[in-house]
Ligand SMILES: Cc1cc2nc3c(=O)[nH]c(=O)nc-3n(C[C@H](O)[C@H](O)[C@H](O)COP(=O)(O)OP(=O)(O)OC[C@H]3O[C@@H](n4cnc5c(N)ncnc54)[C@H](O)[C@@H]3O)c2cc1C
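Take a look at this single chain in structure tokens; it is the form predicted alone.
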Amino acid sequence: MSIDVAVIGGGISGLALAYDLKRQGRRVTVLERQANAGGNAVSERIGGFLMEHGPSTVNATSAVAVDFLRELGLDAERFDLGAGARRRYLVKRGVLQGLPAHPLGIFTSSYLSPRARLRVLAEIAVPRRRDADASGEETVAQFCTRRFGREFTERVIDPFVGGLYAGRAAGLSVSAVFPKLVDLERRFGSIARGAVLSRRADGGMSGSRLSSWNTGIGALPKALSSDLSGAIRTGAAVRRIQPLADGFMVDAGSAGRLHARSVVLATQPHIVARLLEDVDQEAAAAAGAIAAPPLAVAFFGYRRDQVEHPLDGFGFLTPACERRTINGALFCSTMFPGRAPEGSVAICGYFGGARAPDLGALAAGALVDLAREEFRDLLGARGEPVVARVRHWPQGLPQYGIGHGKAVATLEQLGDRVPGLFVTGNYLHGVSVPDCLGVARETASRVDLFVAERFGDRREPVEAPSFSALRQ
């Protein structure tokens, strides 16, 4: 018995891809080694508090996100950021400084020195990088220092990168992390000039609108899983993929084996590397080179009277030059309703990543102590928290280092070297939920085209076979 597509990995990327393929009439099975599908998009109720173990928002202005939410019936249940999230906080000299949330907030606050603000405004006069000098790939820090100055890079860009990727501006490729900025410089010679002209050409570009659901971000994988129904097999750890003349044999150990015309790897890069060792060494090496340092999430619930800070914003970020243990935090109960009981607040701190991998692997008790110290110092949080919970991610956010574009090209060309074998995931073109949805949808189209051309356009929407029927 055979299916059209085996999707290895049941996170948002794998579920979204399988969802699309099922809608296209393909027989698909998702193999997830954990007990539940959803990957790191986990939302948990703890005594009236809602903890997000992984991502906590989705950009509802993203076209692909809008399409998925509408198709899944989630758009009507979505709500946007609360009115209290009016500011963004950054740490400077050990104190939180608030910036208005609008794009020009950096210029209306005293967070940057007058000299640094003038340097940012002078970006429009900075010459573009000459082709003769552009042979080497730049880091985010190199690019932004060249265009905006050192203080802006250290005080604004570095913490921003720390919040997005748990990474360091000096360690990430600007072409991979901020390709639009590189393109604006190339086309217009200036980021500021390019942003203005692009906005005019597009009739005004829409900004992001961060959203979630009453049950948290976990509502998205739950809806995808519900639609896929019996096509998901949990507790199925794939050990080997064997290319055959008519597809692939997928060995899931004690869960059994199955035959698929095509296989999509929707797992973390280190697992991709292991599964491809005997199939395509070039792609295995490319995936294995993508680091994903340990990351830890510390979720705290307090009574409102225990915290002095007004928590009137999204949260705060810490520049690496501040030498703090915490990368940043979200004011969860300010961002969305229902995150804490009446009279209480919820705060989520992030530790580790490329900045300090050892901190991401600390024992839960030690991380609770670190978080309490940071929240006491920066937010005036006093006394025992009502809730203190830690989630470890041994493999955290992927780091888009120098050479990432070449690694991605090697992985995306896998299907040319091994026809029918594809990859998708947050280590390719962005770590946000919309990024993952977009890559998954594009990959699903390529998989569908491959199956149609190689095996004929036979679309039979039947239930995926159970492993019990496939054991050998």
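Bear in mind that the values here come from a model prediction, so they are computed numbers and not experimental data. In case it trips you up, residue 1 is the first one in the sequence shown, and so on.
Keep in mind that the form predicted in complex with the named molecule is missing from the display, and what follows is about it.
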Among 82-90, 291-299, 137-145, 255-263, which stretch sits within 4.5 Å of the named molecule in the predicted complex, heavy atoms only?
291-299
Is the named molecule in the predicted complex close enough to Leu50, Gln97 and Val345 that every residue in that trio has a heavy atom within 4.5 angstroms of it?
no
Check whether Ile8 has any heavy atom within 4.5 Å of a heavy atom of the named molecule in the predicted complex, and answer yes or no.
yes
Indicate whether Asn327 is a 4.5 Å heavy atom neighbour of the named molecule in the predicted complex.
no
Is there any non-hydrogen atom of Gly54 lying within 4.5 Å of the named molecule in the predicted complex?
yes
Indicate whether the named molecule has at least one heavy atom within 4.5 Å of a heavy atom of Thr318 in the predicted complex.
no
May I ask you to choose, among Trp393, Phe375, Phe178, Phe331, the residue with a heavy atom within 4.5 Å of the named molecule in the predicted complex?
Trp393
Which residue, Val447, Val423, Cys436, Val28, is the contact with the named molecule in the predicted complex, using a 4.5 Å heavy atom cutoff?
Cys436
Enumerate the residues of 245-269 that have a non-hydrogen atom within 4.5 Å of the named molecule in the predicted complex, in sequence order, or give none.
Ala266, Thr267, Gln268
